[in-house]
Ligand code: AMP
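Coming up is one lone chain in structure tokens, specifically the form predicted on its own.
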Amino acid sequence: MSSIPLILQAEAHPGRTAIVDREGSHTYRDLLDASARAAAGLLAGRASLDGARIAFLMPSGFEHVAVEWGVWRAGGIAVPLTAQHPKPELAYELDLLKVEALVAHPESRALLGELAAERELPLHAASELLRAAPAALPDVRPERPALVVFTSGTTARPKGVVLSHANLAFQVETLVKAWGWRADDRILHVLPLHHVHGIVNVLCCPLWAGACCEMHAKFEPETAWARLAGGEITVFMAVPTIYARLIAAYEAQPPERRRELSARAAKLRLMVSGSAALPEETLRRWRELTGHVLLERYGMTEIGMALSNPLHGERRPRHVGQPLPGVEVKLRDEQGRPVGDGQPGELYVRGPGVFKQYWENPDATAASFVDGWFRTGDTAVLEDGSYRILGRNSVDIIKTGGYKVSALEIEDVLLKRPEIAECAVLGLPDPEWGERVCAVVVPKAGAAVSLDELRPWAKERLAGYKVPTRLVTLEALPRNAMGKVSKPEVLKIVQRMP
């Protein structure tokens, strides 16, 4: 009998629909049977994989989940890959983890075949694993490593975050309770599955609760709107970029269709935004369209979710709420001293969901913890009982003229300009000020943005030291695999300019 918490939960709902994908509907019994066969195929007669890293690349859907669960049930560590990463980055991940086997879908077989051949690794076809003959499976304890997910690598090469089954169970269970998950929920899943947002929040939570996860291989605004208005979906979670694209698709519809979409989307139980700061203008417009005040929360690869706005109660713009049950947080200054309410400080987190180590990187692990508290590297402020994230210390906190300036706050103001579609604010080295505030903007079609017009307007809304001193316009902002703007890449572009 398995001791993996998520498997134990699934065994309580055998006849319910677990996953709906492009191939059809699949029950929890289907998922348990398929994952058991995948585990047997990976074991190939062995008693246990004993922590072997197994990497896999396949579209979002039943097979992806069955293979991931199969790795877990065989005693291995799952390594989900993404086709959005270039081959050199995938090679780096495989080599760092010393992956022992790869599992491919037909769509990824050519790419994984090359990577496997170069490393003389076994390459399994997912469809064959799912048809393997049943076999005895090991008892995998909750404290065993379950998953390696890579950080975004904003300041260095990505690090492999090791999450145990116990870490995942805590992260999922606290969200299920906080967000009121029920067995009759149905979530629309349009996010990547190599990131904790897609893995934990949008996949594992419904499967823990006995609910249904409708999985789409990619996000398409028109398809997503059709499902949100279809009457079956009760929960939706996405990143701010997706909400912005949904708003644009909505506004392209005729008036009658817009009214229909608004009325039906209003019936959903819960809508959540995360993985990046939600612009206040997006929050306001989505509320106008659907009646929903998006629930913002805060988390990281290393900790899962730590802070959340309430399921019932006030959700304040640009705030991420309070600690989730069982999670402790505190704010500290650069010397590690406590800061008071209303004062910015680095966010420290402690709790059962926090990871224990980066893969084979003891120095980075040691540097990330102080007396058992994980240093997030994010600056936050506590205001009237609710936390507000000011930004990532490495890319979002600009030190100019002796002040610490939140790039996220400036971006939120600039996005209120009607001619600006997107923006990224960053600090450029300056011998006098330390850093200068630079605004990189993408104008809306047919519009132009002028620094001479922007600065006096911004000065009325921001303190003088926050006003941009340089303006750069681009046709598009570079993004990572989660759709989040990559500020290191933006900075490289700006630094190459005269």
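In case it trips you up, residue 1 is the first one in the sequence shown, and so on. Owing to the predicted nature of the structure, the values given are computational and were not obtained by experimental measurement.
Same protein, other form: the form predicted in complex with the ligand, not shown, and the subject of what follows.
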property: Residue (of Asp378, Asp412, Glu422, Glu93) lying close to the ligand in the model of the complex, criterion heavy atoms within 4.5 Å; result: Asp378
property: Heavy atom within 4.5 Å of the ligand in the model of the complex - the one residue of Ile77, Ala277, Cys213, Leu175 that qualifies; result: Ala277
property: Contact flag, Thr301 vs the ligand in the model of the complex, heavy atom cut 4.5 Å; result: yes
property: Contact label in the model of the complex: His105 to the ligand, heavy atom within 4.5 Å; result: no
property: Exercise: Thr223 in contact with the ligand in the model of the complex, heavy atom 4.5 Å; result: no
property: Non-hydrogen atom contact Arg73 with the ligand in the model of the complex at 4.5 angstroms; result: no
property: Heavy atom contact within 4.5 Å of the ligand in the model of the complex, the stretch among 261-269, 176-184, 290-298, 120-128; result: 290-298
property: All of Val320, Ile389 and Lys399 within 4.5 Å of the ligand in the model of the complex, heavy atom check; result: yes
property: Ile389 and Gly434, C-alpha gap in the model of the complex relative to this structure (3 Å or more); result: closer
property: CA-CA separation of Leu390 and Gly434, closer or farther in the model of the complex than in the form shown [shift of 3 angstroms or more]; result: closer
